[in-house]
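First, one chain by itself in structure tokens, the form predicted alone.
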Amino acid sequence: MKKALVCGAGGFIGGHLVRRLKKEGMWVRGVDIKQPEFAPTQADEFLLLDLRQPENCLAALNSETGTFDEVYQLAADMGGMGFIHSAETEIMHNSALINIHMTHSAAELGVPRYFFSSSVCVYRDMQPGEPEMTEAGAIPANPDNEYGWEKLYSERVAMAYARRYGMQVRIARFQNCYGPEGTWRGGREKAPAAMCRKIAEVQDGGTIEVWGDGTAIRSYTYVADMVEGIFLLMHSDLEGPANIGCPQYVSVDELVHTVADVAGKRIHIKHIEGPVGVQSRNFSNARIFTTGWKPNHFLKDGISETYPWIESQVKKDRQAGE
């Protein structure tokens, strides 16, 4: 039986990834600084560890039955656009420490295969309609935010250790992942979850606030598709970063209207000042397509799975406050 370590298993994508690996018959250890928030972990073993500390990285990797066959490094200090713009030092400090110590420890202990979760935030701001950018377009570097700079640096760390130690490193640049069991309130939520929450909270015909003018263009990737992309990439021969994202691009206002349609509500939008990020990103998924991966959920499909879950969380919250 293969053994896998999932760092960040208490988080959104990490929790879904644990379930995917269990379906493959693997023995899985999950590690995080916190327990999963919305569903019990399906990991065979779950350790509460702060991976900013090198001794905790070694503890996560320590196994009486030998080296882990696969390590998935998704642990990070991150959130939605509001968090990314308000917590620059926390992101640079905490995530860099995690990646430096975990990559070093995995290489030193002879882990054969190592996955690192990066982000399309490594790319520069783009204009709508620009030609698709390939992975090589991240250099010369000009990320829009410090989250992107940290990810780009940690990619380089992982690739350097791969060269030195012969560790097989796979790097995915995620595009805006969303779905059930993701953070939906508190400032760290991504745009799809925030819009689902806002629309669940208002009556039919109500008004919600949206940062910016609503024209920013994004691609949103459903969590089941993202996890499948991670698995296929990890077991492929693709070296270097690979974009994983749904090739459907919509404006922020179109996202709102999609959620409203799924919710069966008429919604008015009030645009307000707030952090928006880049105007557009448009990426090639040609590399990940070579693994046989393709998205099975376009935006309305994924929102149809996500909105009912967030609506149920809003209702639970209301009932608890009554």
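What you see is a predicted model; the values in this text were computed from it and never measured. Residue numbers run from 1 along the displayed sequence.
Only in words, not in the display: the form predicted together with nicotinamide-adenine-dinucleotide (NAD), which the text now covers.
Taking the partner from elsewhere, every residue among D32, L49 and D77 has a non-hydrogen atom within 4.5 angstroms of nicotinamide-adenine-dinucleotide (NAD) in the model of the complex.
The single contact residue among Y123, Y222, Y161, F174, judged by any heavy atom lying within 4.5 Å of nicotinamide-adenine-dinucleotide (NAD) in the model of the complex, is F174. Using a 4.5 Å cutoff between non-hydrogen atoms, G302 does not count as a contact of nicotinamide-adenine-dinucleotide (NAD) in the model of the complex. Taking the partner from elsewhere, W184 is found to have every heavy atom lying beyond 4.5 Å of nicotinamide-adenine-dinucleotide (NAD) in the model of the complex. Contact check for A193: no non-hydrogen atom falls within 4.5 Å of nicotinamide-adenine-dinucleotide (NAD) in the model of the complex. Put simply, Y307 is far from nicotinamide-adenine-dinucleotide (NAD) in the model of the complex: not one heavy atom of it is within 4.5 Å. Contact with nicotinamide-adenine-dinucleotide (NAD) in the model of the complex, defined as any heavy atom within 4.5 Å, is confined among 64 to 72, 290 to 298, 276 to 284, 50 to 58 to 50 to 58. Residues of 11 to 28 lying near nicotinamide-adenine-dinucleotide (NAD) in the model of the complex, listed in sequence order, are G11, F12, I13, G14, the criterion being any heavy atom within 4.5 Å.
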